[in-house]
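A single chain, nothing else alongside it, follows as structure tokens in the form predicted alone.
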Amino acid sequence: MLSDIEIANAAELRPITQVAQEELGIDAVHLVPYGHHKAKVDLGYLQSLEDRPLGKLVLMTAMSPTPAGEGKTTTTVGLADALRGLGLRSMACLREPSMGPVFGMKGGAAGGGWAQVVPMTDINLHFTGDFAAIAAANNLLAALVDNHLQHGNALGIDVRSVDWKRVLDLNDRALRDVVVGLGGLVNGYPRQDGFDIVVASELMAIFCLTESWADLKRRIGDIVVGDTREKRPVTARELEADGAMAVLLRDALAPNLVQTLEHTPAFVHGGPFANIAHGCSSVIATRAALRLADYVVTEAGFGADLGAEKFVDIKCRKSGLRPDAAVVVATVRALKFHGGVDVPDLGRDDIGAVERGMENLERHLRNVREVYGIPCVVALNRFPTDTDAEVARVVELVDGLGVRTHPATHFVDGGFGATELAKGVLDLLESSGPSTFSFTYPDGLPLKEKAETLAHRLYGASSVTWDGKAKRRLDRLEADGYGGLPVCVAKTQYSFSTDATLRGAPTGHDLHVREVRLSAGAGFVVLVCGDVMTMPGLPATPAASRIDLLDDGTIVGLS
């Protein structure tokens, strides 16, 4: 089979103006084209659609990720294509890829095989410049903080408390901890600083939760950059940074329209980390898609304990959006991995390991159905090494839980390979009774109890413990009036616990919080657990070593 980039490079794309007009009814005058195959949709036009009814929203989530890969983005694209193939008006809503993983270990994030969004190379590399705009706005605030310190520090900022970092859209471990302001008086006030990857910036989370230019500016103004010596929070608004930062993000806020290989329209917009933030594409893109299409398939990062939880408890809580159904992606390989099989042996027939690994999928299904109250089906993303007996056993086991399983082959067959999945989703939407959607915890709980509720209800943990500094920070945030915010747990995606090596569905473990961060503009409190990094490093053999430019201008090696 051809590689992902070979398939993408050979694809015959329609002009994006044609896709917009024929699939969504958007005239060219409402588009801001970036070449022939990608465009931003004018925000003014999207605001004119506010009286339209909303379509059905389908949330794509998954069991706990494994090194073998589950194909959540691929399944999102495949399902959107399959719905369109059934004659329905459908759209996909995806996050924009960060170039850190593209050049690092994970690779791109535009789907795979015959279920991709295109132009794949553009989407994975720079795209429409949204991330560059977010980085510029983020770093402008960092520069204004240091400039304020240099010119008298009228606000009385305690230099030791400044926690607004600079960002870069690449993995670079050498920049995690740095000292700025060296070289004498003219170069500023020396202090410890650091870089995050751009998708970990609070500004990225703000960008994806905001509803308008006015809301964007308000949220930026609420960003807390540090404290005074008297422990009073200092905001970006007090530094008079909010206006200029909003200016840098004005054009980026319009959602990016592209297409799949089968010409299904897709919004690809925003890309917050699913650890340190909520891991979903923008509210603006999701709401616009629901007014333009009858069925919208959107993705939340990592497994249902992270991405889906934050989709529910942060994105839905803040926006009022509600998913009508969920699809939980599983693979035979992932089940065997959680059943104790190591990666090199995942291709071997092992029904016993499939049965043992079911505890991971079962807990995710329980959380989606009983905690979030979202009806769901399972998409069994089929790999060539999966045996018929293994697939049949998965279907049997999941059926025993009262959930339908739909094996799908969209990776090799495109939308046609997800037709039965699409029919299953439609059946679920038609048969579901009144909504039982619910948040994991109410707004009124103290921050500590919100963390404990997540740990007990979703992760199977027996206790939550805190570093002394983290607990003091939590108490300060409660005292400062931030206790009503939702919490965003930053932990490994590979386990329900904070230990990535604990597979399956561990119970009785401890959720240890080592750091507490305030994202006041985004409107949540981050609880950092385990060894989560906000500036990843590159692996020994990074993906960058395989990426190249041919003499005719063709890009190769992306995956």
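Residue positions are given as counts along the sequence shown, with the first one as 1. These numbers were taken from a predicted model, which means no experiment stands behind them. Rigid core (definition): largest C-alpha set, two forms, superposition within 1.5 Å.
There is also a form predicted in complex with another copy of the chain; it is not shown, and the following applies to it.
Note that among 83-91, 197-205, 236-244, 269-277, the stretch whose heavy atoms approach another copy of the chain to within 4.5 Å in the predicted bound form is 236-244. Interface membership of S435, defined by any non-hydrogen atom within 4.5 Å of another copy of the chain in the predicted bound form, is ruled out. Taking non-hydrogen atoms only, C376 never approaches another copy of the chain to within 4.5 angstroms in the predicted bound form.
For P539, a non-hydrogen atom is located within 4.5 Å of another copy of the chain in the predicted bound form, even though that partner is not displayed. Although the partner is absent from this view, P33 contacts another copy of the chain in the predicted bound form, with a non-hydrogen atom inside 4.5 angstroms. Judged against another copy of the chain in the predicted bound form with a 4.5 angstroms heavy atom cut-off, the residues N153, W164 and S282 are out of contact without exception. Between the options A133, L365, I157, C316, the residue in contact with another copy of the chain in the predicted bound form by a heavy atom within 4.5 angstroms is A133. Proximity to another copy of the chain in the predicted bound form, taken as a non-hydrogen atom within 4.5 angstroms, holds for one residue of A392, A214, V343, A479, which is A214. In the predicted bound form, L125, H126, A132, A133, A136, N139, L140, A143, L144, D146, N147, Q150, H151 are the residues of 123-160 with at least one heavy atom within 4.5 Å of another copy of the chain, listed from first to last. A movement of the C-alpha atom of G25 falling short of 2 angstroms is seen between this form and the one not shown when the two forms are aligned on their rigid core. When the rigid core is held fixed, the Cα atom of P542 travels 2 angstroms or more between this form and the one not shown.
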